[in-house]
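Quick setup: one chain, the form predicted on its own, written in C-alpha cells, and binding and motion questions come after.
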Amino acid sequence: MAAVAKEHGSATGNGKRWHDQHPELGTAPVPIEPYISQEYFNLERERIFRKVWLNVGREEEIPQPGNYLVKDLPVCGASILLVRGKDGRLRAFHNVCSHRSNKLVWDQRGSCQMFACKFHGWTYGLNGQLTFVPDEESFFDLKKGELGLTPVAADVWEGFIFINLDPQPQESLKEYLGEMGESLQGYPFAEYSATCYRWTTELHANWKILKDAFQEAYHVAFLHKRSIPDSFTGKNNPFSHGLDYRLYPRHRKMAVYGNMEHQPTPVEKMAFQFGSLVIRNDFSLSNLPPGVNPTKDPSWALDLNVIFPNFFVDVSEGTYFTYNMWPLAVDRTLWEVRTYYPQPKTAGQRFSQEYSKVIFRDVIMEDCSTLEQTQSVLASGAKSHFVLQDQEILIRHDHRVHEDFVGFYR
C-alpha cells in the first residue's frame, strides 16, 4: 500500500470525512473473527511477529559495556538477550545455550563480563562467542567457533531498540519505519528519557482489542469523563475529533485535539508552573520538530504514533509515553506502559511529573476497564462485525495492514 494522506487540514467542525481521502479502505464493517480465531492468531505469529521489526526497549536500559537486558517473547516462542559489548556495540542473541538449549540468562537485566549456563557451565563472551566448555575433551569433534549464541538482527532508531527474528530480514529498520520514522526525527527522545515510570499488566483480551482502544479519541468524552473531563473535548469539538490523520504503508498517526479553554484545577495550576503535562493548555510549540503536529494547529495536545505491529510512541511538548502490546494467547495480552520525562532539577519539577504520572495512570486504568469486558462477549456470536465511524479510520487502516500480512481472507 502506498503512503497516503500527506497533507490534511483540521477536521474539527468542517464536516470533512477522512475516509473520503482513503477510498481504498472502504467504509464497511470489519470482522470480529480475527480477535477470536486461533487460526488467525497462529498466522499472526508466523507472518507478523517472526518477520517484522519489534521494539524491545531503549538504549538507556543498557548504556554501558556488560549491561544486558532479556526480553521474553512468548508470541514468537523466543527469549532474546540484548547486550552492550566491550566495543560499545549493541548485539542481540537468542537466549539459548548451544549445548542442550537451556535458557542461558534467567535475570531480566543486569551487568556482567560473560554468560555462563547454569545447567552445564558453557560460557559465552559479550560478543556471543563460546569461550569455555567444561570437560571439553569428552566431546566429539567439538568446533567451539561454530557454537556461539545464535544472533538476532538488532538496530536502534532514536534510542529505541528494535529486533527482527527473521534470520534474513527483508528490509532494514530505517526502511521498515519509512516516513513514520522520518516524521519523528528531531524530537528530543533522549532528553525526555531521563525519568521513566512503568506499568505492566496481563489482560484477558486479544492484543488488537488493546490496540484499537488507543487508535481513536471517540471514547474520550465518555470513558474519561472523570479523570480528564474536558482536556480533550470542548464546545467546538465535543467528540474529540482528530486534527490530522496520516496513514503510511504499515504505520499511522493522529494529531489529538486539546481544549485550550480547559480550566485547570488548583493542583493542576501548581503542576503547570513546573513542567509539561499532556493535559495542559499552554504549550510552547516552537520547540517541536516539523514532523510533530504536522499542521501546526494551535489546539494540538499530542501526536498518537502507531508503529506496526504493536508499538505506540505518543509525543507531546515536554513528555512522551509508549505502549507495547505483546500477545500471549488469542485472548491474553501483556501490556507494557511507559511514560518519560526530562530529569527534574527542582522539587517543583518533580512534583509536576509525579502529578502527571498519577493522572496518566488514572486515564489508562479507565481504558483498561472496557478491554476484558469486550473480549468476554466476542465469542458469543451475537455480533460478527465492528461498525466503525469516520474518526476510527486508524482502526480500519490497521485491519487492512493486518490482512496484507496475514492473508486470512484471501
Partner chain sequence: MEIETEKEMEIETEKGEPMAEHVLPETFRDLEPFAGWALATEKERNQKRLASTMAEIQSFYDAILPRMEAVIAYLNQFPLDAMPADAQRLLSLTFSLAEVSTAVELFKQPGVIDGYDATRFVPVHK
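For clarity, every value in this text was computed on a predicted model and none was experimentally measured. Residue numbers count along the first chain shown, from 1.
The same protein has a further form, the form predicted in complex with its partner chain, not shown here; the description that follows concerns it.
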Exercise for the section: Using the partner position in the predicted bound form, report whether Ser369 sits within 4.5 Å of its partner chain, counting heavy atoms only. Expected result: yes
Problem - its partner chain contact at Glu202 in the predicted bound form, heavy atom, 4.5 Å - result: yes
Problem - Non-hydrogen atom contact Trp335 with its partner chain in the predicted bound form at 4.5 angstroms - result: yes
Exercise for the section: State yes or no: in the predicted bound form, is some non-hydrogen atom of Ser138 no more than 4.5 angstroms from a non-hydrogen atom of its partner chain? Expected result: no
Practice task
With its partner chain left out of view, choose which of Leu43, Ile36, Ile359, Ile62 has a non-hydrogen atom within 4.5 angstroms of it in the predicted bound form.
Solution key: Ile359
Problem - Sole residue of Val70, Ile48, Leu378, Ile364 within 4.5 Å of its partner chain in the predicted bound form, by heavy atom - result: Ile364
Fill in the blank from the handout: Note: its partner chain not shown here; in the predicted bound form, the stretch from 110-118, 193-201, 70-78, 251-259 having heavy atoms within 4.5 Å of it is 193-201
Handout entry: Residues of stretch 325-351 in contact with its partner chain in the predicted bound form (4.5 Å, non-hydrogen atom)
Key = Trp335, Val337, Pro344, Lys345, Thr346, Ala347, Gly348, Arg350, Phe351
